[in-house]
Every structure is written in structure tokens, then in C-alpha cells.
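This document opens with one chain alone, in C-alpha cells, the form predicted on its own.
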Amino acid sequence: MSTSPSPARPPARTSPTTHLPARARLAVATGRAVAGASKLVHFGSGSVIGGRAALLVDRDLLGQLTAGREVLIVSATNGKTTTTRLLVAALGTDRPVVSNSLGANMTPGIVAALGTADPDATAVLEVDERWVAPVLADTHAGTVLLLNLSRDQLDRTQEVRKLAERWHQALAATPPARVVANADDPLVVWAASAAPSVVWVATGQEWTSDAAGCPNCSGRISFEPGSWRCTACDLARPEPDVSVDDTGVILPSGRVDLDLALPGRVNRVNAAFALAAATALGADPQAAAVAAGTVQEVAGRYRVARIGGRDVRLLLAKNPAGWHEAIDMLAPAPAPVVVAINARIADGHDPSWLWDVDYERLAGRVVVATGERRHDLAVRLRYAGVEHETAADITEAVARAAAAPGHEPGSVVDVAANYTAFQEYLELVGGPA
């Protein structure tokens, strides 16, 4: 575990761009203009297209924008947006922080976020798992948080062991001062082993289907409660430095109480990663924990809103591992639930992952299937023995759930959706906070 101090901060600068070379200043100005035009014609926030335009002017812009900054990278298949938001809150008790808070987590979105930021603010960057290597190389981040690796977007994303290999190579090529990593994910442990100093977090991860084979020797990983090891080599679960219990987080410096507004054990684990990184950089543990507890929603996740005149709670689940955690957050049976599935580019066109989700756990309640692939979902629910209906749109789906047996009048209807379906509903209720 690293105890190296944070580098001294440079003297304060008065403008986000005056310290930059002329080409980088032109790139930032170009990105702002393109982003502004995109917003004007209602093509979205403009963050990605603005970042792409800026990088066309200066391909080294990310390195210029992060020179002299403390930089933290957060990456995973699931949980990176929430952990990034919690880390911003925790570190914000100690210093100014900038982040790509809208979730544009590849280089164009990152440079768009940094281009208008306080040049002395610490950068907390959510990074797509496929982009860790180039972003680390450009930013020379001092801290990297690696939460998990699992299958996602089957027709677009590399096999998870290949991603673990790329993480391993990236950490060896550009070693950060510290890595904060999941001790219960063999893929993450092997990837992080390339780093010189690691803070290991005990996550109690239950999803193990994507890590049956050893990334080190291709042997078999044997899982036991609270432990795992390869049966053919010495890769094994490391001794954790950080862990969670029902009411707090145990850090290397001691235990702190944690009262989160966000639901579920998985979010306590996300908070543990955030607190481990923040306190390693000097934040007061108790102040950081209190700040994390003030986060009530993350880019619309867990928001309670109105659809069709009824209160709904929005949950995001994108892949089998994410659904495993999301099902734990649902109101208990017999409360009905709306499940929405699309299969667009951002979701991955291949929805065969539905068969890897333990939808049998939804037995005892009515599930209303909606979204473009609702009929695929209905087939899966039928084989799971789950009572279900289908609805053509979200308003009808919420109305059917509210009329189903088990719904308490006036109670919130849970809506669990994959990525593009979630974004549609979030836009319907007013967009991200």
C-alpha cells in the first residue's frame, strides 16, 4: 500500500487556458465553439463532438490539459460513474476538483471537461475500460482505481481477459504512484499486479462467471467464500487493505461510519474505493465519508421521478454482472417491476447476455417487459418461470406495473433499464441532474 505524498501543487493560475501553448489554446477554443453549435441545434451536450474537434487541432491536448495536475483515473465495467461521483464529493472536501461528470469517458469527452476547468483543480476522470492505456499514457495519472471487469457489449468489446492484459501492460508502461483495486476479481488482481503499489479493496464480489480462467496461466480459478486462488499457479486473492461492513468502511487509517443516500451494498463498496483514494491523497476520512453520504443520485441513477402520473425509481443495469447487483436493489417481492431492454450500438446489438442473468430471482412478482427487445426479454422470463407482461412504451409499462398484484397504492414503481432505454427515460423526466 502506497503512502507516498501528493506532489506539491503549482502556483495558482487565473485562467483555464492562459498557461497552455498557443496550439492547445486554439484547440480548446475550437472545441468550445463546436460544442456550443451542437447545443444550439439540439444535437446533445456537445461534449464529445467538441472534444473531437479540439483533438483534431491538437492531438496532444489531453497531456497539455493535465500537465501539473493531480490526476485520478476510475475504470471498470460496472460502477465507474458512481465511484467517480463519490470520489469527486470525497476529494472536494480537501481541494477543487474537475471531472467528466456527464459520463463521456473517452479522450474526446475528457478533454471537453478539462478545457473549461480550473487549471489547478485535481482531475477525477471516469475512463472507459478500453481507454485506460492511452489516457494513462497521456495524463501520467498518479492514482488509478480498478473496480471490476466483466462481459459488456458483446459485439463491440474485447474479451475480458484481453482487457485485463491491456490494463496490465498499461500499468507496467506508465506506473502510477498507487492503484486502488478489487481484491475479489482475479482479472483485476492480475492486471493490478503490474503496478508498484496497490491498495486492495475487499468487495465481496459475487459475480464470478467472467473469471473462471486464470489470466496469468490459463489454469482454473477456484472460488471459496471470501477467497479465491488459481489451482495451477500462485495467483490468489491478496490480503485486503480496505473493507466494508453494514455501517462503515475500514480504511488503513481506521474505521469511518458511512451513511449513504445511494442504495445497496454495491454502492458501499463504490464508496470504499472513493474513500481509499481520497484519504490516500490526504483528505480527512470522516469529512470525506460525510461528503460521500450527500450524493443522492448519479447521472439520473436512483432518481425518483414521475412517468404517466406515477412515481418511479430509475435503475441502470447494462450487463449480467450489473443486473446481478441491480436485482438486489429492487423493492422486495411481490412488488412489480418494469424491465426495459434495447439493443442499440451503445448497448451492443447482441442481447444473448439475457440468458446469463439470473432472472429467476424475480419470481414471485409481476415483471413488465418493455423496450425494443421486450419480446426477447419475455422469452427469457418465461423460461425463468417469472410472471410477466409486455408493454409498447414506458408509460404503458408503468401503468401496467401499478395495476399489477403486489403494488401498494402510492408506492414507487422500480424501472430497471439498460443503457439507451435508461437514457430515454431520463430525458423524459428531465435529463441528468
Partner chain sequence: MSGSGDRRDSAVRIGVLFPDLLGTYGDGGNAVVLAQRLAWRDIPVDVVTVAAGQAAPDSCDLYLVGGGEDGPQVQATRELAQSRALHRAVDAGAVVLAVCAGMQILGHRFPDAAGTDQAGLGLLDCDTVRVDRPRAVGELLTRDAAVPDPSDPSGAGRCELGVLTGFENHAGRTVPGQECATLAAVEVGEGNGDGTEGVVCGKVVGTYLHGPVLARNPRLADLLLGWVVGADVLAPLDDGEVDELRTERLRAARSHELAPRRSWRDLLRRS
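What you see is a predicted model, and the numbers here were worked out from it, not measured in a lab. Residue numbers count along the first chain shown, from 1.
Omitted here: the form predicted together with the partner chain. The next part is about that form.
- Contact annotation: Lys39 falls outside 4.5 Å of the partner chain in the predicted complex, judged by heavy atom distances.
- In the predicted complex, no heavy atom of Glu297 sits within 4.5 Å of the partner chain.
- In the predicted complex, the partner chain lies farther than 4.5 Å from every heavy atom of Ala173.
- The partner chain in the predicted complex comes within 4.5 Å of a heavy atom belonging to Asp376.
- Checked against the partner chain in the predicted complex, the candidates Asp257, Asp284, Asp350, Asp118 yield a single residue with a heavy atom inside 4.5 Å, and that residue is Asp350.
- Scanning Arg32, Arg69, His388, Arg400 against the partner chain in the predicted complex with a 4.5 Å heavy atom cut-off leaves one residue, His388.
- Stretch-level contact analysis of 238-246, 90-98, 210-218, 269-277 against the partner chain in the predicted complex, using heavy atoms and a 4.5 Å limit, identifies 210-218.
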